[in-house]
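Have a look below at one chain only, the form predicted alone, in structure tokens format.
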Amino acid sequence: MRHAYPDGDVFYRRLDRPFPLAVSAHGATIVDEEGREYLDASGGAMVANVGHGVEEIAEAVAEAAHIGYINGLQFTQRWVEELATELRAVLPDELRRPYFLCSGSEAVEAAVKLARQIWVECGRSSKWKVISRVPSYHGNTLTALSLSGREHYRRIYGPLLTELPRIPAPDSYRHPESEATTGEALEREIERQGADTVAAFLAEPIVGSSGGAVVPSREYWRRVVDTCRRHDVLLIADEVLCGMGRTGRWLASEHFGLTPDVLVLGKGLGGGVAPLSAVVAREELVTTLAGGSGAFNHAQTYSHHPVSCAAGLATLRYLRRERLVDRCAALERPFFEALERLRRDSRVGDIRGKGLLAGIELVADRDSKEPFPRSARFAERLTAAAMARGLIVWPNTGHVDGDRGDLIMLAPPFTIGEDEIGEIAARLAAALGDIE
């Protein structure tokens, strides 16, 4: 059977190409129905941090499935209780209260609502605006998309979105001395909006796929934190992609000595085995709600779900027992050394990132950093060429000006071997050679 529209019955995520049918997966390898193996260099969508096919996580999910659905308004259960305790052990002391949901988009929506409710309960209801950055990606639900700097999405859904203030994201490759890269842009925007109207600033500590693994300076984050504190603006760290060990620390925030007011987790939190995300708030914020309305005025049918929490609990225990976050940090050097061979191709403008998160920026001219025209579809063509060579990578476009800009993201499982890292670089170099 051809797994494509209109032959299959599925509303596929792409309607213009066929899909291979995955039948098994192990480690960093996915196998299709024809027996062909694919090296997963992006963890799917930067999710599979523990690798594919971890039996003990599957068994934990199966055990929790026997209890089925338990509503978080009516009961608690051991998986959510144990996951909260296990997670607390790897988070800063100030971040103690995880609220579990299913997706990163849901968690961002919840974090924004939490910030708003906190200010309302503090008697400061004029504070409602959330400042974010361009480029950025915080999810596809409407508020999360309103806060995302993904212009090709906004062109379609613009009339449905809320207009919220946005500032340029740091870009040490193209604009190393700009206000965005130094952190001054946030100060100026808060002053322009009026601090009494700004509830929160939302940002990824290390920029994910939207900007290509941009690592800001410690000084950038020091200035951002200082600005937020002086203006009573809550700092929301979106670590859906860059958290849970991906950058060689449990949180990317740790690289900058940063503890946010609200933390958003997802993707690797559940190892990709079950949908799981979390909003984690500072204790004083939870205390504010407990002493006021008595609850966070937010509900999702599948929040605090036993099966998802079981997946998260087993994933977290596996990460800790196997010391995989330490392993991720140790693999950073061989990973980026292997990727250096890609610079032999003049279309590779920059290679950046941290841990096992890498962004490769592709340009028409290395000296001027001129991006390819969007009509060239370079990132998409390279992704297809890599797939043809049995390599899975993640493309992104539009980060330069909302239209142009081509990136390839790499985020292999923490269990990957150094020989497989070499194979990623070799296959990606070969795929570049396949494109004129």
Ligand SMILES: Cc1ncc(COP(=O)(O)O)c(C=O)c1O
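Start at 1 and count along the sequence shown; that's the residue number. Computed from a predicted structure; not experimentally measured.
As for the form predicted together with this ligand, it is not shown, yet the points below apply to it.
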Flag residue 361 as yes or no: does it have a non-hydrogen atom within 4.5 angstroms of any non-hydrogen atom of this ligand in the model of the complex? no
Under a 4.5 Å heavy atom criterion, is residue 137 part of the interface with this ligand in the model of the complex? yes
Would residue 241 show up as a contact with this ligand in the model of the complex if we use heavy atoms at 4.5 Å? yes
Consider residue 267 of the chain shown here, and say whether it contacts this ligand in the model of the complex, taking contact as heavy atoms within 4.5 Å. yes
Please name which of the stretches 211-219, 89-97, 312-320, 138-146 has residues with heavy atoms lying within 4.5 Å of this ligand in the model of the complex. 138-146
Sole residue of 181, 303, 105, 117 within 4.5 Å of this ligand in the model of the complex, by heavy atom: 105
